[in-house]
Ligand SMILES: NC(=O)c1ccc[n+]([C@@H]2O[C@H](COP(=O)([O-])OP(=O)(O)OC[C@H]3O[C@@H](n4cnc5c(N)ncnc54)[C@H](OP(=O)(O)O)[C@@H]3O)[C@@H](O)[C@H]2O)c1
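Only one chain comes next, encoded as structure tokens, the form predicted alone.
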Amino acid sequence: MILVTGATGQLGTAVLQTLLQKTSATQLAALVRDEHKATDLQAQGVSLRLGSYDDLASLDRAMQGIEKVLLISGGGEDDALQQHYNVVDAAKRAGVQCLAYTSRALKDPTTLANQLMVRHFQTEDYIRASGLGYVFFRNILYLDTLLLFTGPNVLETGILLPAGQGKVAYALRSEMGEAIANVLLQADCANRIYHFTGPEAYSFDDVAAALTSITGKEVGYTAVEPTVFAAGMQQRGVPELAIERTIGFMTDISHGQEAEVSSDLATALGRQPVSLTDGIRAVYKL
């Protein structure tokens, strides 16, 4: 039986959609905080396990009868790392055979500007030390995040970001979810690490060119300085923490942290991931 945590989030939903297509719902469980947000899963026969990463007793209950756990990483909360540890500990207590974790595909974790990402590799280390069988899904930056970085009015404003000429091997969140599900359905848990990326890395110039080609409107990319970018965000009332994290993402992109390319995603999907152009059409609804 497979337990998916964060089951009502975007990635968890994508994983479960594929699992439900390829295996019986009686073999699936979902850890959810609010059962009202998971009525569709329950209607399809998925076992709901109510709880959260902070509630140790609920994690122990959720792990009963489970062979594989997919730990979908928490968000930006200050205690997210401890939450991950809580899930690992509960899985170990319950005798879970395999723990899968959604990590990040980054070139060099020791030189990251965005310190929020470091917790992924701390979680990996904790899982290794637990003695549990594991699978790590090191995911590249979602192509879906482009809309957040460029803003909804990108066709009018162009792209203004402090990313230099850095590149990202973007992939769609939905395809990563599908690939994760495919791997989870395999019998073994051979302490594997998968690098899920697109087949090519693209700069924001490439993104701008794709938007121009799709819409017929001239979209440019301007590599602004981080201080200028931060000042603009401050003027728009963006919280300081959000500014810091966004600049961290952009700095890491400019340093090539997101540019590594792997064929693992294509192999797990059994096809090539969508192209940058088709992905942009989907994300921006063009």
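Don't overthink the numbering: it's just position in the shown sequence, from 1. Just so you know, these numbers come straight off a predicted model, no measurement behind them.
One more form of this protein exists, namely the form predicted together with the named molecule; it is left out here, but the text below deals with it.
- Taking non-hydrogen atoms only, residue 7 approaches the named molecule to within 4.5 angstroms in the predicted bound form.
- Under a 4.5 angstroms non-hydrogen atom cutoff, the named molecule in the predicted bound form has residue 173 among its neighbouring residues.
- When contacts are judged by a 4.5 Å heavy atom cut-off, residue 74 counts as touching the named molecule in the predicted bound form.
- Within this chain, residue 145 lines the site of the named molecule in the predicted bound form, having a heavy atom no more than 4.5 Å away.
- A heavy atom within 4.5 Å of the named molecule in the predicted bound form is found for exactly one of 42, 27, 251, 52: 52.
- Proximity to the named molecule in the predicted bound form, taken as a non-hydrogen atom within 4.5 angstroms, holds for one residue of 163, 91, 210, 140, which is 140.
- Contact with the named molecule in the predicted bound form, defined as any heavy atom within 4.5 Å, is confined among 187 to 195, 202 to 210, 132 to 140, 107 to 115 to 132 to 140.
- The three marked residues, 33, 37 and 83, each reach the named molecule in the predicted bound form, with a heavy atom inside 4.5 Å.
- For the stretch 87 to 121, the set of residues having any non-hydrogen atom within 4.5 angstroms of the named molecule in the predicted bound form comprises 104, 119, 120, in sequence order.
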